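Heads up, the chain below is alone and in the form predicted alone; it's given as structure tokens.
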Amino acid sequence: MTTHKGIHRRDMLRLTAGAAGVAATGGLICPAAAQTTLEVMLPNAIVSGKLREIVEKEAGIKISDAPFQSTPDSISRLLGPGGTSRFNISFGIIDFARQPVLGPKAGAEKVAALDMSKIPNAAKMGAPFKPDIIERDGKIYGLPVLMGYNTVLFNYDQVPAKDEFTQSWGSIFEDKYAGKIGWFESPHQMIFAAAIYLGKEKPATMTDAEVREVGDFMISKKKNVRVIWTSFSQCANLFATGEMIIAFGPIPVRTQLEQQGIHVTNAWPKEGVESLVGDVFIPKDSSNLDKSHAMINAMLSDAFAKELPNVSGYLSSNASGGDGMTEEQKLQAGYGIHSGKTKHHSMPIPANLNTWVEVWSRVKSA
């Protein structure tokens, strides 16, 4: 809701509360009231619990995080009317975000060029993340803060963890667990997973005919699927209730379920996991550039890097991530993706994405 002068109702309430506080203290504003609040559009798991405490303390801010749904939603908000001023910090998976963030040419960027002198922790970034820095003409517009991965999640009370079949994408397509399988409502990620299983090493380069071939395979296997879930919370709930015992799964879901004591873990499919890198950037009309830079710097700190896998399942772009873990613990957390010990596939956006969307619609309606 917005006033006729363009002030959001929530901002009006904040201003009113602030005025009341000044009156109550005789015109003096206490330090707590003066603390900067940053409005952010970030995956909620990376600004929760101990991670929130670390960032708020190191950056000297309070975080107000909007519900994060997906990178396409986050980018749509950035590109929409008023989008460059709505949030102080936004997030996107690099393969989706790079081009929309930069715009078609110099000067068309939707985000601010970063002052790297205010983000000294960027120097701690690991080498695997350097290609995912968003830059143009010598200026940096976005920095990678995390790596995640999609894989097969399963209830290890009902699905044998060491079974070769479990350690394959085939376990969410073939008949063995029919009626207890979950797929994700995402044409890009689901078709990609099916393509990997079918032996296509570079799914993003598939022709229209190949995409339709993968779609035909998925249609033939849809009879085995219990549900196509639409959000991380729904996926977690379906595991918790036992409606699913095996599913396509982003790694934060595993972490959430582990914290709840649900017996769910992830496979390391022999065909490779889907890997993704997330960048943060400051919308060009952000209301507080200094504190926004401070928050990004805190998200690249050693303390944040150490806690990130524990809270969210994601891995930090800070090269110190994984310090203190045994080699076995590092592999289980996913750091084998960094070192090359774990096979993985990055997920660039295919040029024929419209065909992928069309095929996925056909799969769902079959």
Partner chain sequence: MLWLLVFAILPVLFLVCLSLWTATIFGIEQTWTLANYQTIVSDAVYASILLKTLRISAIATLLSLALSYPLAMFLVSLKGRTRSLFLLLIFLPFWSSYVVRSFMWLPVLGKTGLVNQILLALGITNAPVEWLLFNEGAVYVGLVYVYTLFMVLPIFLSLDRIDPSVIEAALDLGGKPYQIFARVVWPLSLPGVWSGCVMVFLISVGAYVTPQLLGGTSGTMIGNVIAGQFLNTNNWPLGAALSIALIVMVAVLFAIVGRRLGLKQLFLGARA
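Residue numbers count along the first chain shown, from 1. No experiment lies behind these values; they were computed from the predicted model shown.
Beyond the structure shown, there is the form predicted together with the partner chain, which is absent from this document and is the topic of what follows.
Please state whether all three residues P104, V225 and L238 have a non-hydrogen atom within 4.5 angstroms of the partner chain in the model of the complex. Yes, each of P104, V225 and L238 comes within 4.5 Å of the partner chain in the model of the complex.
Distance check, T230 to the partner chain in the model of the complex, heavy atom within 4.5 Å: Looking in the model of the complex, residue contacts with the partner chain include T230, since a heavy atom lies within 4.5 Å.
Do K291 and the partner chain share at least one heavy atom pair within 4.5 Å in the model of the complex? Although the partner chain is absent here, K291 would stay clear of it in the model of the complex, with no heavy atoms inside 4.5 Å.
Interface membership of Q234, the partner chain in the model of the complex, 4.5 Å heavy atom rule: Yes - in the model of the complex, heavy atoms of Q234 and the partner chain come within 4.5 Å of each other.
May I ask you to state whether S346 is within 4.5 Å of the partner chain in the model of the complex, using heavy atom distances? S346: no contact with the partner chain in the model of the complex.
Within 4.5 Å, heavy atoms only, which of I93, V111, I75, V264 is in contact with the partner chain in the model of the complex? The option sitting close enough to the partner is I75.
Which residue among G272, P100, G126, G170 has a heavy atom within 4.5 angstroms of the partner chain in the model of the complex? The residue from G272, P100, G126, G170 that makes the contact is P100.
Using a 4.5 Å heavy atom cut-off, which stretch among 65-73, 336-344, 320-328, 303-311 contacts the partner chain in the model of the complex? Result of the contact check: 65-73.
Quick one: which residues from 155-187 get a non-hydrogen atom within 4.5 Å of the partner chain in the model of the complex? Read in sequence order, the residues that approach the partner chain (within 4.5 Å, in the model of the complex) are G179, K180, E185, P187.
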